[in-house]
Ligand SMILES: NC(=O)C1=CN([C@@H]2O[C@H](COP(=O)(O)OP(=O)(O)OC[C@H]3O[C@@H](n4cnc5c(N)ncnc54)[C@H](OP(=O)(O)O)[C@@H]3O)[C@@H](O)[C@H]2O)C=CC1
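A single chain, nothing else alongside it, follows as structure tokens in the form predicted on its own.
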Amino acid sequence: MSADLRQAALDYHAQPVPGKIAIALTKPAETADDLSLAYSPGVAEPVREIAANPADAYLYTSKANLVAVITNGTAILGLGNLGPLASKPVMEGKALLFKRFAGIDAIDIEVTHTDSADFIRTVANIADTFGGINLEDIKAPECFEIEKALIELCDIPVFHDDQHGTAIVTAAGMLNALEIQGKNLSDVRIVCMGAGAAAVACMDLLIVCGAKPENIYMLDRKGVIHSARTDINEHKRRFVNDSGLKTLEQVMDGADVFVGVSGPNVITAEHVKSMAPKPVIFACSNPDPEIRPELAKTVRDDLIIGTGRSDYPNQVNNVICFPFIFRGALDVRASRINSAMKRAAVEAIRSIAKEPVPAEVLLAAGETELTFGVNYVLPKPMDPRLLPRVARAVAIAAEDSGVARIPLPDNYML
């Protein structure tokens, strides 16, 4: 990061007041009568209603539109384990995105526990305050245990965005890219560089979408995950591949797809050159991808490449997913975010990229033209169609799969 950009980022977070979020009043509080309704004695009435029927908390409090963004700071962006307090700017940023893109109020909570059991207890004990919980920047493999336990303990949606948000956007972009390349997900060989939370979730969802497990080669720092290794956990073990291919060079030779959720510059131009005709590369390590698009394109002119960066085409960005998934889930009071809802989000996102792009999106993205093709496989984050289309698809899927607790409102998001 340049010195100018670093200072601009610090100034942005410090001025005119520290931080990126604040609390605003939603009711008048100017007169004695206002205060008698807001607090004593009037507040006693909704208290009694909620005590008699807990679901009324959705009617009389902010619960219906409130998400907690919770972390222990053990895996902050690409910065690693810097602790919960250092993660606060990121969590505030997530809250900003919830509000900006889906009108959802979100509050960040940084938990000092690194022990999974303590973290789980803490979050479960405060969960009733919220309509949903977004887990963030928790390292693997603890994140799997934490999310699984909280889904069972909490009566509201719990969603680890580093896993499922990444997976949903990756799947949407991948299905579109393969369609453009004339390939089917069920036929392609997939190389996944990385074996953490995002990698596991991406491969899980691609399998749900039609990929064959035997065609997936997942690698960590020691190479391909295979059954002879004694150093792999239960989550990696699900992706054991005993084809005999054990190195990055071997699996990249003839591969149709590369998904990178690992670190910078881990594949070379020679790796890309060895891939099958018309390959798809999603190099999502941030801020530096597994390979720079300009380098990959020096050896291939038939590839589609996406990254996690906004300054390259085909940005694989969770913000085109998580605010709208929570919007749909909250609006039908879903008890959880399930596989059907994730799959619905995938299809809604990918369909938008195939349609003409509104002029306002082109202007905001600094583009003169965007057309479904090699440089445009995913919608831009500022596309206003994402909110109604993804939220509605998710809400319908929640209703159809039996996790919605109130019916979809008439004309919802139409």
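On a predicted model such as this, the values are computed, not experimentally measured, just so you know. From 1 onward, residues are counted along the sequence shown.
In what follows, reference is made to the form predicted in complex with this ligand, a form of this protein that is not presented.
Asks: State the residue from 206, 197, 255, 291 whose non-hydrogen atoms include one within 4.5 Å of this ligand in the predicted complex.
Replies: Exactly one residue meets the criterion: 197.
Asks: Using a 4.5 Å cut on heavy atoms, which of 262, 181, 250, 338 is close to this ligand in the predicted complex?
Replies: Contact residue from the list: 262.
Asks: State yes only if every one of 68, 87 and 113 has a non-hydrogen atom within 4.5 Å of this ligand in the predicted complex; otherwise state no.
Replies: Looking in the predicted complex, the three residues 68, 87 and 113 all stay beyond 4.5 Å of this ligand (heavy atoms).
Asks: Looking at 134-142, 181-189, 269-277, 327-335, which lies within 4.5 angstroms of this ligand in the predicted complex, counting heavy atoms?
Replies: One stretch meets the cut-off, namely 134-142.
Asks: Although this ligand is absent from this view, report whether residue 236 comes within 4.5 Å of it in the predicted complex, heavy atoms only.
Replies: Residue-level check for residue 236: yes, a contact with this ligand.
Asks: In the predicted complex, is there a heavy atom of this ligand that lies within 4.5 Å of any heavy atom of residue 162, even though the partner is absent here?
Replies: Taking the distances in the predicted complex, the answer for residue 162 is yes, it comes within 4.5 Å of this ligand.
Asks: May I ask you to state whether residue 240 is within 4.5 Å of this ligand in the predicted complex, using heavy atom distances?
Replies: No - in the predicted complex, heavy atoms of residue 240 and this ligand never come within 4.5 Å of each other.
Asks: Look up in the predicted complex whether residue 310 has a non-hydrogen atom within 4.5 angstroms of this ligand, and give yes or no.
Replies: Taking the distances in the predicted complex, the answer for residue 310 is no, it never comes within 4.5 Å of this ligand.
Asks: Of 64-89, which residues get within 4.5 Å of this ligand in the predicted complex if you count heavy atoms?
Replies: Read in sequence order, the residues that approach this ligand (within 4.5 Å, in the predicted complex) are 75, 77, 78.
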